[in-house]
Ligand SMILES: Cc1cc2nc3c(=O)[nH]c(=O)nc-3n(C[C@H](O)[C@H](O)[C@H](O)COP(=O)(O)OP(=O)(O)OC[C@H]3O[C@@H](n4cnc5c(N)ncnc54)[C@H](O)[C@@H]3O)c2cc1C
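Before any questions on how it binds or moves, here is one chain, the form predicted alone, in structure tokens.
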């Protein structure tokens, strides 16, 4: 079916003006382009309070408004991206008249943050909603390149300006030297252990084995390692992110906030302007003070206690009534009863009846992309996880849940991939990690926040994860797939197994959990790439 517009017609001159900003002038379905994000947001806000069509509002109140700057003096539509700063005052008046905070979610921006530390990268990626990050991979890109003879890591200003500066550089140089020196011998060992078979192309095999070697060595990379992060987000999320960065204890993050503010002001100025106002400054001060005061109180109350468990994944909280609550949530939208009436009905059901309802709702899942609906959001699970920082970096990307981590430190020790032991390469690996621990402890005495930059990815970090059952399906089935890193695959597998003990019926439809171990995780993915390449060349 083709949707045609019948309620609004445009004359020839109007169509000429519109053509540079909309994908068509005669269908009820169209896209906007060549407009600043702030204009799109203001336009949609006005749209929600008018009986005009969106294109008519665009014509009457934006294109034909001289101060908006959407057309040139000859009244011809411009193909260039409009001069945003020229029109900012106009957009602000539109937002004041027709919008509220939610309007800032209707416009967004892409921004690249390059040559930032992993401390900064984790801060950028910590947003729950509104921002989608993409980070440079430690699996596909070796991190041993140098610029002017120096490895690429953050020379943290407070450390470099202290008596620890030379020790800091020496320690990190040793980490990168060892990382570099172990790549080739480890790659040789991997390829000797797992020869290429006739079903695998040389390209695919080389890529999979190199990824394996880099995965095994990523534990040597310190949090100071420079990386690149690309972000797309809406204005409201960016504004909050800027405030949070301004409240951070790390100078790098506060500086990054200022740089991001400047760049976002070029494309969505009206949506992020409050981050740099007195209101934004007070909000940042509030966040910073609360963080510091809570940290001091926690140290006063718990500072001398030691962790009682070294369990990697521990299910610490779940709902004993989970099954009943999920079944009630399944039935509710298909009835005309109150939720309490449905819950009362479900309480009287037998086990087999509840199982039948849950199985019917989950249906015949043919792939992990077939996820059950929102009834599975009714119950939550809380896990306490102790794993290497590398695994945390991967699992942090799941944003539709609650994650809170403790400080990056050396207090819980580090992991040693068993492959390094088998390859007889563990000695240099351990030596530099132990030296990094000593340096971290020394710096932490005077600069506790800055000391996080020294901590290598191999060290363990503890964090709390709270997620609903629907997200459990997504996270566990995705992160247990063969091509995943062994560290986070083990976490996903344990999460599934622990929920299964208490709620087997609720995870019975979780058909795509992979509990196997693999010698070469990326091989199957590379083989699929080979297949697609062959198809393209046919």
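Computed from a predicted structure; not experimentally measured. Residue numbers count along the first chain shown, from 1.
The next section is about a form of this same protein that is not shown, the form predicted in complex with this ligand.
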- Among the candidates 479, 503, 46, 55, the residue which, in the predicted complex, approaches this ligand to within 4.5 Å (heavy atoms): 479
- Taking 4.5 Å between heavy atoms as the contact cutoff, choose which of 483, 34, 50, 26 touches this ligand in the predicted complex. 483
- Does any heavy atom of residue 488 come within 4.5 Å of a heavy atom of this ligand in the predicted complex? yes
- Task: Using a 4.5 Å heavy atom cut-off, state whether residue 452 contacts this ligand in the predicted complex.
- Result: no
- Answer with yes or no whether residue 474 is in contact with this ligand in the predicted complex, where contact means some heavy atom within 4.5 Å. yes
- So, in the predicted complex, is residue 400 in contact with this ligand at a 4.5 angstroms heavy atom limit? yes
- If contact means any heavy atom within 4.5 Å, which of 504 to 512, 466 to 474, 491 to 499, 26 to 34 contacts this ligand in the predicted complex? 466 to 474
- Query: Going by heavy atoms, what in 353 to 384 lies within 4.5 angstroms of this ligand in the predicted complex?
  - Reply: 371
